[in-house]
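First structure 1, then structure 2: two forms of the same chain, each alone, as structure tokens.
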Structure 1
Amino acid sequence: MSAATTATPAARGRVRRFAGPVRRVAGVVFSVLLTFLGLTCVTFVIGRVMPIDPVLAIVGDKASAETYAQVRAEIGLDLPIPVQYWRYLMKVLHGEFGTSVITSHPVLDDLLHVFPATLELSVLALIIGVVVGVPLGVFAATHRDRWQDQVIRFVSLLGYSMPVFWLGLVGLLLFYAKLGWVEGPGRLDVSYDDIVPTITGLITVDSLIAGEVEVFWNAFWHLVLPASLLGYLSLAYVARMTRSFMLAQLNQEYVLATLAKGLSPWRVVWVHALGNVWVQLVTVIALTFGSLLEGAVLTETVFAWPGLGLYMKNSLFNADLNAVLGGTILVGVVYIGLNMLSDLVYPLVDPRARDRW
């Protein structure tokens, strides 16, 4: 009897420890599903309010009324709006985004083909933004209101103020046309097309896997300028937010206490203070990466970069509504995935977050 009595509280404790993470996982799953449902609803509404007739994009403006009506019925535009949305949602859940008017390929195939180019560009830009932006933000915070801080804030302000297409054109004129330091528009020189087999879709990675070093360097020098410009934009945001977070930490009492105990200022700033802002920085970095994927349209247009941004721009100009909505959903799914990844990374950078799991 006493053994059962002592075992019951232990069992209850194990159940409580197990139930907590289950509730949190269930909450995350519910939040993701709700967000995805809202995303599909928004994209469906966009497809209905955009001044584009998908039927005309398919049949052309010289088609007969009978052909127009037949195609309209085939794609379901004659059905009630709730029925259209339900059919749209079911197709999206099965990975069906329709057929592109421009390429005549399934939109999903097009997205899988162009997205790696944008991913390659955005990843390098994010690396530049984080590796340079975080130290700049810390340095600005430790030199608050001095000339070093003013210079960094001015550089960050320029990153916010200058249009990316203007930076791209100036960069091409200076570094490609005048100085010849980098390669020009495009992802590869024409002479290197179809040499490297597609494995990951990332041309720099695939060329190294195939042992084509010459192709790798050609791809790298095509990549470095647009990635640096996008990296400068992300650097401006990351540096500004890091400075703000660090200023809040440097005003905390524990900083004065650790300095009073004789700990080196370098360790206090770069280990303790910076360690306490990494949770906030993880969110900033995730949002920055999402914005790079979303905001690469102008950069890809200027540099003729065959990625998602250029694909969506061409689709919009050619009234290819299926491609535009498919790209919009892809970007939204990436945002959802980045938010989930941020939640998973929090316990790794902040031990206090582990207790909530």
Structure 2
Amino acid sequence: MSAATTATPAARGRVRRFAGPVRRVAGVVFSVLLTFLGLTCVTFVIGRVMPIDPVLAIVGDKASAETYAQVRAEIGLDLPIPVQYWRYLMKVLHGEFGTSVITSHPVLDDLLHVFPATLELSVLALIIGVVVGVPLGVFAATHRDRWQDQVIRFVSLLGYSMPVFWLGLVGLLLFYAKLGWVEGPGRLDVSYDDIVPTITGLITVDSLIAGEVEVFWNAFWHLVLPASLLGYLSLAYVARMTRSFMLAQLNQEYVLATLAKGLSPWRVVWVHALGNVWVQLVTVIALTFGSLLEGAVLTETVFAWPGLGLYMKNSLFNADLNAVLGGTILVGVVYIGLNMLSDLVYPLVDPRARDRW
């Protein structure tokens, strides 16, 4: 298996079947639409066959039979599932995601409220992953099969193997409860709530805009632990991929040629070779970001982080169908978008990907 195959598990040249770039784009768009339809359909059916009764989630245990029937009809559960699905799809196409049962807000508002929290965490984690992971990967490639390479490989494999929820708990125990180096669960201390007006939804950014330095530091110390842990997990992936890409580059003739011309090896590696793999790295980063979003369900549970993952988990366990669907569509769309990016970009830079299949 070549390095590139593992580099982009989702970028598997599904575009080969289309000749020109136009057809390729059309193909990707078609595939995205189809995927989107499949996504909503599967989620919808899951929501409807769930053993948790959504009506009960609204009216509670003590409601009378009459109240129960009334609410059931109000949310349209008395209709056949295909009809319900069709109605829902039409509404979504008009930008309406319905109202969440748990929060009694429109789902879209909820998503706009919780998504920045997840974004703030994932972006910082990603930055850590890239800033540390890429140099490590390059270093491993230049020290191929030496002990440095083995150490880096082992460290990445450790990252691959961590149950994120456990890592989070141990991290909290150690750095928050025992050592007191960082702040605990949540995004802010209670007494800092409601001070900074919401502009971007990213508290670190908003607090700086508002000039509230203290709030910024508090938010930062809350953020630093989960972001570092997630950053480590992404670092593992980024470093490995960087290593593979770099090895492929370093084996190429131009490297030897430039070296022969007397350029410093340092420059050859860090400027020329690395410069040639950055597009591939972008796809890796996109996929890492996707997996961070996915893992949010677990991380946010551990860190009581009021983001998309926690929102989806809570709505799932409360049979809050509109919220579950809205959240899945959001994650799905981001995910599909990232995949599409890999699909479109990847063959452009790697001619081998075009004829691999």
Partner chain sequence: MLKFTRRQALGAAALSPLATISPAALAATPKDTLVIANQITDIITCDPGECYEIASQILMSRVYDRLVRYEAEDMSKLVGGVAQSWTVSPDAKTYTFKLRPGLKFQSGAPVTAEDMAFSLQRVVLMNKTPAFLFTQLGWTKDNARTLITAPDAGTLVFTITEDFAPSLVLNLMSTLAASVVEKKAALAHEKDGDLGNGWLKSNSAASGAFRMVSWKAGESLTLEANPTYRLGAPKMKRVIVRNVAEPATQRLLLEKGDVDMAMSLQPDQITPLMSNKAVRVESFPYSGTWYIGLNCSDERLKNPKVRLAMKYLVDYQGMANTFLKGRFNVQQTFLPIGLMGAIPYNPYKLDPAKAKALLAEAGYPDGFEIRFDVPNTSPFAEIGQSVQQTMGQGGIKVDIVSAELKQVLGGYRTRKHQMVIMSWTPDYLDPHSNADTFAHNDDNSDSPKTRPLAWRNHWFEPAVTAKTKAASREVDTAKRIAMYEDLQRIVTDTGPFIILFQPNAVVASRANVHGYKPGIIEDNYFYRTITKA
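In this text, rigid core is short for the largest set of C-alphas that superpose within 1.5 Å between two forms. Structure 1's sequence is the ruler for residue numbers, which start at 1. Given the structure is predicted, the values throughout are model-derived calculations rather than measurements.
Asks: Can you spot the form predicted in complex with the partner chain among structures 1 and 2?
Replies: Only structure 2 matches the form predicted in complex with the partner chain.
Asks: After superposition on the rigid core, does the Cα atom of residue 250 shift by at least 2 Å between the two structures?
Replies: For residue 250, whose C-alpha is compared between the two structures after core superposition, the shift is less than 2 Å.
Asks: For a quick test of reading the superposition: does residue 315 move by 2 Å or more at the CA between the two structures, rigid core aligned?
Replies: No.
Asks: Superposing on the rigid core, is the CA of residue 86 displaced by 2 Å or more between the two structures?
Replies: Yes, because once the rigid core is superposed, the C-alpha of residue 86 moves 2 Å or more between the two structures.
Asks: When the rigid core is overlaid, by how much has the CA of residue 335 moved between the two structures, in Å to one decimal?
Replies: C-alpha displacement of residue 335 between the two structures: 3.0 Å.
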